[in-house]
Ligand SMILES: Cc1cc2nc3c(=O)[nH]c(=O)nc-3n(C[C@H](O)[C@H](O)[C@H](O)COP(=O)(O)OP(=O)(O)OC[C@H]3O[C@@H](n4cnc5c(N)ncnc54)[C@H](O)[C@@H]3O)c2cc1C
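Have a look below at one chain only, the form predicted alone, in structure tokens format.
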Amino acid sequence: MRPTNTRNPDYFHTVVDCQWACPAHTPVPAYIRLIAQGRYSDAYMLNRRSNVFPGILGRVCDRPCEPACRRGRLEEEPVAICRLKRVAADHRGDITDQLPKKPKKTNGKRIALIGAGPASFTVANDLAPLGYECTIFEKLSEPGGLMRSNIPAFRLPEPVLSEELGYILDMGVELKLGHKVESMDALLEEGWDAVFVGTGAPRGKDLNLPGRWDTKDKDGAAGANIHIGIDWLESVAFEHTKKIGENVLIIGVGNTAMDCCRTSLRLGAKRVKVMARKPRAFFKASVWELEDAEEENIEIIVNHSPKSFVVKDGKLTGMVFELTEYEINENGKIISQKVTGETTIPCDDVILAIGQDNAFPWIEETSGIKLDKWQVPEVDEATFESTRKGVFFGGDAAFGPKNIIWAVEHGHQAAISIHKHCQGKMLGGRLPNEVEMLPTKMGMFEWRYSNSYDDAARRKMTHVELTKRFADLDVEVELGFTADQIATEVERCLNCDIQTVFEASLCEECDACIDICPVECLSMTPDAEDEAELRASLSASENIEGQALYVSDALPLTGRVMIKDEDVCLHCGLCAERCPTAAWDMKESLIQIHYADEQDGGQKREQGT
């Protein structure tokens, strides 16, 4: 096989599984090391370069980094990456002097951003310091989008949200609240240099079953006591809704459903049931969201498919469900289902949390922006430009519902495109990521990071007592890690960005590295035609998609090759400590991600320590 091309920055990037899995490519091991050193402000700022909202995402991120964490291959639980992000945010000092500043003079380019959610704020974060005049239009009375209207305050406190949004507004961004954009054509006539649409997916899906419109409210309107989840959460957030019935059914098992059921308890519900059509393995909600709901005695009922609403004298009294059984194959897929009966469950209110759709009634056909039959805009997946030149989309508005961290990455990429558009450059192409290898050696057998393996279990987040958390909607349930928990959890990180770097010309083939390797991920073997044949020489090997086998140049004595299974390697550095010729070394791979300000020759934002 050809030797591994370690000059390709993506090679070392894919080895840092958590950073690679994060849509915004936040340098997780680097900021965890800063936390370990007590450098909380530095850790916060390192986070902020990529994910923009460390305090917010440290509480409510969907955590795509954690399933990818290499620690999860050694034991059941990954490193508590999200919790540690919050640690940096909670313990930081005053960082305002380190934030990008409002420029003394603008560049004259005007950008309209529709919707004050995470995607629009990220675009403004990247463009305002470059001199762009950014104006955010928001129909609600407060900014934040679904972060404010759909994530309850007991998960995301209002001061945390407002503070991090405020950092961006302080860069000279204009915010127009209570300003609903009614017409794209009218907006375009105002002569903006670019328009960004970050309005989310604001239309909750309904459930048009028998009885849906038979209930009446006090004014005679149909559909009383049956609520659309995201609309209901918004109504609660802005204090239009302050109570709910004692018996509540939640239809759906996504994260919105979990927020609805827990919010119901805080508005006075005594019994809340979450109704799921399928078995638990098919739930969309995050595991921790389910656990938090069940800790509050929420009952989750599986294999119940909604059939109809029960209405008596114009009042909702219950729902009828079909009882369903599923046949699941060895791959975990449903291959058949059958209805075995039905049951009626009484209730006072029903909250529908079964998904969200895009909604652009204000975008006219004459605007030149094409929408498909599902009202999803046709958006270039690389540039985020729509079919109308100069109009860009991001977040849920671009490709349908995802999550905050995806909206942030969309914002970064859209900002690059807007910058290029306003500079008259072609939008296609991006500066490639770069990697710099930094030495970590401090002495003969000493490194500037902790390389010992800590077998401690993942720390558990402490919660407010059940008897105290329902007093008010804004009582934050999670208390954050204690000092002891922080000290333990940071040591669970395996420092996957500290790479084992091999120089074949220095190797004497003494086998010392192979002998000392605790996970048997190294081998010296004759070269072969394919990877499978080389893997056969390893004592332990995993073939995980995305990470190839490392193959060295030919060794000088025998012509064999050194191979290493990156999936198994612990980055412990024992091979480098044992090697008598320094053929092995430990180096930090500092991945350099480019943002809008680097597209015209500005400085790179280095993501590392």
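All of these numbers come straight from a predicted model, not from anything done at the bench. Heads up: residue numbers just count along the shown sequence, starting at 1.
Keep in mind that the form predicted in complex with this ligand is missing from the display, and what follows is about it.
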- Thinking of this ligand in the predicted complex, which stretch from 332-340, 477-485, 97-105, 135-143 has heavy atoms inside 4.5 Å of it? 135-143
- With this ligand left out of view, choose which of Lys312, Lys389, Lys243, Lys180 has a non-hydrogen atom within 4.5 angstroms of it in the predicted complex. Lys180
- in the predicted complex, the residue from Met275, Ile354, Leu233, Val350 that sits within 4.5 Å of this ligand by heavy atoms: Leu233
- Find out whether any non-hydrogen atom of Asp126 is located within 4.5 angstroms of this ligand in the predicted complex, and reply yes or no. no
- Please run the contact check for Lys216 against this ligand in the predicted complex: heavy atoms, 4.5 angstroms, yes or no? no
- Although this ligand is absent from this view, report whether Val60 comes within 4.5 Å of it in the predicted complex, heavy atoms only. yes
- Is there a non-hydrogen atom of Trp362 within 4.5 angstroms of a non-hydrogen atom of this ligand in the predicted complex? yes
- Task: For the stretch 382-396, return the residues whose heavy atoms include at least one within 4.5 Å of this ligand in the predicted complex, in the order they occur.
- Result: Gly394, Gly395, Asp396
